[in-house]
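This document opens with one chain alone, in structure tokens, the form predicted on its own.
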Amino acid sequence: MNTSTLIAPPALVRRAEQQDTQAIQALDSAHYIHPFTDHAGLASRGARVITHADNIYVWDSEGKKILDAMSGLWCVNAGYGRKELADAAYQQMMTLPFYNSFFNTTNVPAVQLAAKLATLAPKVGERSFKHVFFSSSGSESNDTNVRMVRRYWDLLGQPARKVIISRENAYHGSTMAGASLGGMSGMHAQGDLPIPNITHIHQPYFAENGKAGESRADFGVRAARWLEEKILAIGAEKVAAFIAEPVQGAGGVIIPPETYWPEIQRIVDKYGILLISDEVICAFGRLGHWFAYEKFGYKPDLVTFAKGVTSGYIPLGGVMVGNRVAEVLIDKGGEFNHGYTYSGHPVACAVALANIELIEREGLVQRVRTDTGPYLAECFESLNAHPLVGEAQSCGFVAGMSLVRHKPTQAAFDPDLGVGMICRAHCFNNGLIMRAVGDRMIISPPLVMTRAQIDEMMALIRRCLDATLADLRAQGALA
């Protein structure tokens, strides 16, 4: 079959009732290599074709309405269908669709956005953020962090400080440097990763690494001290930085104990290493603050952002560069030999400005912190009563729950059963997008979600848990 003749290009923008799903799936299988996908498996069943969206819902090419509890991919903070963001993109495209930031040039939206972000990033202690480096994604931003951190130490006459410490099961992107910073073994198994001078410590996940009889508070301190042990094993004079997500997102919404970040701060201060807060997921209201480091009270030197800065409408990422680093790079560094074609893209920056204005106008950050976030926490915690749920936790507008074989002992399922994927299939079949990370189910809803929509989502989650439980009982998979 010649798949190139299946659909004329104008058909690709038609609404669901006009789509030829099988034809699109055939084109997809023939030409589109997806991220993080088993393509042979996908071709055998056909991709789900999403055609349009509004508020917190998306529709597929069969006309099915689905509640998107993952905000696309952690990013559609302001919800779908926001005309203000489309208008901002259109107006900027008609004014200046592109110009680069090389060759001593700039553009108005990039300058305005950098200044706006500097006002949003709270000063913690003596550290503040006045400078921004723009990229197109979180992955590019974390590559930038590696370049900045190593350049910083070179300029200070300490070139041996090259090692960056991260955490197992962390996600920091999919480029060579980003995937190396991340601690996911499946990613490291492809591409000879990690690259040199990047190493990892255990994640602060109590269910996995806590000891019998140990309190969460004690575990948080012990988990943080894994960083100190690693620093001492390497030699403090060789360690450049520690990078971590405030809450690990793609790793399964791993929420550290309250004692974790204060101890991390003590350790990085003691040894003088830089602290990088990867807030690609957690910034722009996701945890009830513009930046999550404010919630946890630590003092980063660099902050990675992307996703929610434009609500995912246009690709944009960047690094908030703290004064400690920026002053050295600017005053001592001369030319910084790093950058991207789309650094400070005027359309992306214009959409980001409109998105931030929208979030401010509708009070979404405050709403998550004081209203819908606490309500979601109350609702999500109630899932702990379900016989399949080992532990359900939330933080702002991210939440995760583990599915267990035996609730009293928290015994896990055989990984070969794919319990998380069974549950995810029930979610899609019942009009809900919920992500499976192993046997841990996670959500990250749009910040515009109302209490009534939280109730709607929770009813769908319970229905899917019940359906999964019935399947597992029928298989005799429960203890």
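Numbering starts at 1 and follows the sequence shown. No experiment lies behind these values; they were computed from the predicted model shown.
The same protein also exists as the form predicted together with a small molecule; that form is not shown, yet it is the one meant from here on.
The unique member of 73, 234, 221, 86 whose heavy atoms fall within 4.5 Å of the small molecule in the predicted bound form: Here the answer is residue option 73.
Work out which of 259, 402, 137, 372 lies within 4.5 Å of the small molecule in the predicted bound form, going by heavy atoms. Only one option qualifies, and that one is 137.
One stretch from 139-147, 402-410, 373-381, 211-219 that, in the predicted bound form, holds residues within 4.5 Å of the small molecule by heavy atom: Looking at the other structure, the answer is 139-147.
Could you confirm whether residue 171 comes within 4.5 Å of the small molecule in the predicted bound form, counting heavy atoms only? Close contact exists here: in the predicted bound form, residue 171 approaches the small molecule to within 4.5 Å, heavy atoms only.
Check residue 424 for me: does it contact the small molecule in the predicted bound form (non-hydrogen atoms, 4.5 angstroms)? Answer no; every heavy atom of residue 424 is more than 4.5 Å from the small molecule in the predicted bound form.
Is residue 435 close to the small molecule in the predicted bound form, meaning a heavy atom pair under 4.5 Å apart or at it? Result yes; residue 435 sits at the interface with the small molecule in the predicted bound form.
Heavy atom to heavy atom, is residue 167 within 4.5 Å of the small molecule in the predicted bound form? No, residue 167 is distant from the partner.
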